[in-house]
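A lone chain, given as structure tokens: the form predicted alone.
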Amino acid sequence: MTDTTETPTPKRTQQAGSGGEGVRPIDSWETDFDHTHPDYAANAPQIWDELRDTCPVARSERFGGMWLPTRHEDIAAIAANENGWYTSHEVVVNQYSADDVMPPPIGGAPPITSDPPFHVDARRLLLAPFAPKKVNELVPFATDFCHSLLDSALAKAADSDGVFDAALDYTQAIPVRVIAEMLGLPAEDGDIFRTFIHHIVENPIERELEEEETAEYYLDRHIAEHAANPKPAGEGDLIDHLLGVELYGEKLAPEHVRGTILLLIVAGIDTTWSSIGSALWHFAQNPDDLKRFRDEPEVRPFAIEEFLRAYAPVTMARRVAEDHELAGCPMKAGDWMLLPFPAANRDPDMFEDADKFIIDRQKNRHGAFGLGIHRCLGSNLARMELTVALDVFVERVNEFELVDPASVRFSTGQIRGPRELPIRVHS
């Protein structure tokens, strides 16, 4: 059993704050929180735990006003949205007016930005490509790619006192390559995908992008290439699939196709590499858990779920659709509502020893893939990639440790995971 609250604090980096003018100091996490602040990235689990005890629904005036619930009960109720008090039309907090984004019912990244009833039909279009059978077909590809990454990383380590960056040289490349394969996009465009992710979910206000740098420009070119070279039904990639399906008797609108592909790139890459990186970060500091994972194959499925619970990466966002009160707090239409699923996973009212990592935890109905109707449809893919990445890593790397806990950098924004993870491996 590992206490996940007593881990070394990663270093804090200077990035643009919610005003775009640099980092603004945090006055109080209860009344002035900022999820894009480096101090939040470095200490989020402790902040959630403290808020749950002192102010379970925090308020901040940043980004035009936003709320941060930390109890599982409240987060689950908001995600269920039985009263229709929230809209999923925007899921990444930004400085723009709600009038500036793609109008309903499609939203900017369907189906995650779509509300019922459109959401149900848009989501159904993606169920088949992410079914267990289709995902399992990718296991050999993912396994071979993980081995190739470790070949390069271990060669680098051999020339640098056993050191390489597990985030940059391993975890961040895996979902990039798998998603590129699924979408039929160039394997070498990984850095382009990382740029999209950084500006969309990690620091959406850092600067304005030139047109040629935008995801829209990139995706529209590749969608046009696919449309000009159609493949027979059942033989194409995910872009071909989206261009071929119909909704309400018509082909998908161009903005629907583009938005869904963007969703798959962002949601299918950053979330998964964050999970893999957090698991390796944990193993580097907990050799007993690493040994059990390596020596007891029957423990691995439970360990995967516990990594997902203890280090869930995703905080989703909603807009308040109508005035109401939640836990005594006055919600106003237009306010942002953050849904920190990792905080829900740490609620002691939901999980026994919630602050402990228990590698063989049996009861584990976590919300790492979200709660409510927007539960991640790519969960099968994420589990597969996490499982393959860890299996290959522990097969090839016997022992490893952090070079320096302070050199680890966690990302800011709504997806949390190691962006820099220097480790030293031992043969």
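Numbers for residues come from their place in the sequence shown, where the first is 1. Everything numeric in this text was worked out from a predicted model, so none of it was measured.
In what follows, reference is made to the form predicted together with a small molecule, a form of this protein that is not presented.
- The partner is absent here; in the model of the complex, the one residue of 130, 293, 196, 351 having a heavy atom within 4.5 Å of the small molecule is 130.
- Contact annotation: of the candidates 142, 200, 150, 267, the single residue with a non-hydrogen atom within 4.5 angstroms of the small molecule in the model of the complex is 267.
- Although the partner is absent from the chain shown here, none of 69, 72 and 324 has a heavy atom within 4.5 Å of the small molecule in the model of the complex.
- A residue is said to contact a partner when one of its heavy atoms sits within 4.5 Å of a partner heavy atom; residue 93 fails this definition for the small molecule in the model of the complex, lying far away.
- For the chain shown alone, residue 308 is a contact residue for the small molecule in the model of the complex, at least one non-hydrogen atom being within 4.5 angstroms.
- Looking at residue 369, you'd find a heavy atom of it within 4.5 angstroms of the small molecule in the model of the complex.
- Proximity of residue 185 to the small molecule in the model of the complex falls outside the 4.5 Å heavy atom cutoff.
- Of the candidate stretches 270 to 278, 324 to 332, 228 to 236, 351 to 359, only 270 to 278 contains residues with a heavy atom within 4.5 Å of the small molecule in the model of the complex.
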